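Only one chain is given next, in structure tokens, and it is the form predicted alone.
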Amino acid sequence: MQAEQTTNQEPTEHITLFAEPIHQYGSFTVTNSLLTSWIAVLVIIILALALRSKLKTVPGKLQNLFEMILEGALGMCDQVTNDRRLSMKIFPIAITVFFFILVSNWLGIMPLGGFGIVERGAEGLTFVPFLRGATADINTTLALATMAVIGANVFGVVSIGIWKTFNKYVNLKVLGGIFTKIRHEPTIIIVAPITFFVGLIEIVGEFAKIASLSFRLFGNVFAGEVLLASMAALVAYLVPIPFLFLELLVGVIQALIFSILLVVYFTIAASDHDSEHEEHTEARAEHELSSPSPL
């Protein structure tokens, strides 16, 4: 009797915080989120090659659609950088990350039915889907966030030099300025240590950026999967459809937010605050010299 109950038991699907393994190659584990990320990359490559092979002077409908998307995205990037040359350097990275996150999010919520494997565990039979949103795995979002922050600092080194990038965090220049400027600016003995300490706080801020980017993306995508699964469990037909379209919109928004923040971090890393300060000081001095004396 007990054997019949075990045989007739239907598998249940449990949403876990971690990605679920679906195959094992020696010591290498393939999870459903990893498989989704591979498929997302494959989809982007195939779409890019297809568009490249059919580029025309007079664009067709698909080419025209992507040209509109790229022009709008580049214009949005210009609003952040205020420099088209800088935008052209950052834009390829930002738009690639955008499409990867977008396709990953959408693949994770596709209603693919019973495509998966059934595993037997302590709680009985469990259904594990082949596809799960890659960004619903904290490992993926953590890798993307780390890439964005480290990439921004590397971009800063290439743009303004390693010394200026280093001084953003460990500002030795401002400490050295105490001995050369103390006669003309006595307040520097107070300002310089504060500026140096603020630079050290920036190091902590870089780690905070990684945590913020990764957990924001992971939390929103994972919450969407839980919402869809809960609605499907309560009412299997029609009711989950509006929530499915909502999650499609959320996928676009989350990909856009991550990409815009990436552009912001790259722009900040490429800006030379010292030269901006010097230009502001020179402009103020010129204005004071050119303005008539009240006497």
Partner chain sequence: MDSIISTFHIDWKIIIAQALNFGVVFVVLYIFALKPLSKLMAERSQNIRKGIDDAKTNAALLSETRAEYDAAIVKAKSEADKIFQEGKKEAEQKRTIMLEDAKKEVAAMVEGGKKTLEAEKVKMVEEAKSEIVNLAMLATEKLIKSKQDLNSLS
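Positions refer to the first chain, counted from 1. What you are looking at is a predicted structure, and each value in this text was computed from that prediction instead of being measured.
Below: the form predicted in complex with its partner chain, not depicted.
Judged by heavy atoms within 4.5 Å of its partner chain in the predicted complex, the contact stretch among the candidates 163 to 171, 143 to 151, 191 to 199, 75 to 83 is 143 to 151. Just one of Leu244, Val41, Leu227, Ile260 comes within 4.5 Å of its partner chain in the predicted complex, counting any heavy atom, and that one is Val41. For the options Val97, Val157, Leu131, Ile210, the residue carrying a heavy atom within 4.5 angstroms of its partner chain in the predicted complex is Val97.
Among heavy atoms of Pro92, some come within 4.5 Å of its partner chain in the predicted complex.
Though the partner is left out of this view, Gln254 does not reach within 4.5 Å of its partner chain in the predicted complex, counting heavy atoms only. A residue is said to contact a partner when one of its heavy atoms sits within 4.5 Å of a partner heavy atom; Glu206 fails this definition for its partner chain in the predicted complex, lying far away. Among residues of the shown chain, Ile268 is not one whose heavy atoms approach its partner chain to within 4.5 Å in the predicted complex. Residues are counted as partner-facing when one of their heavy atoms sits within 4.5 Å of its partner chain in the predicted complex; in 59 to 78 these are Pro59, Gln63, Phe66, Glu67, Leu70, Glu71, in sequence order.
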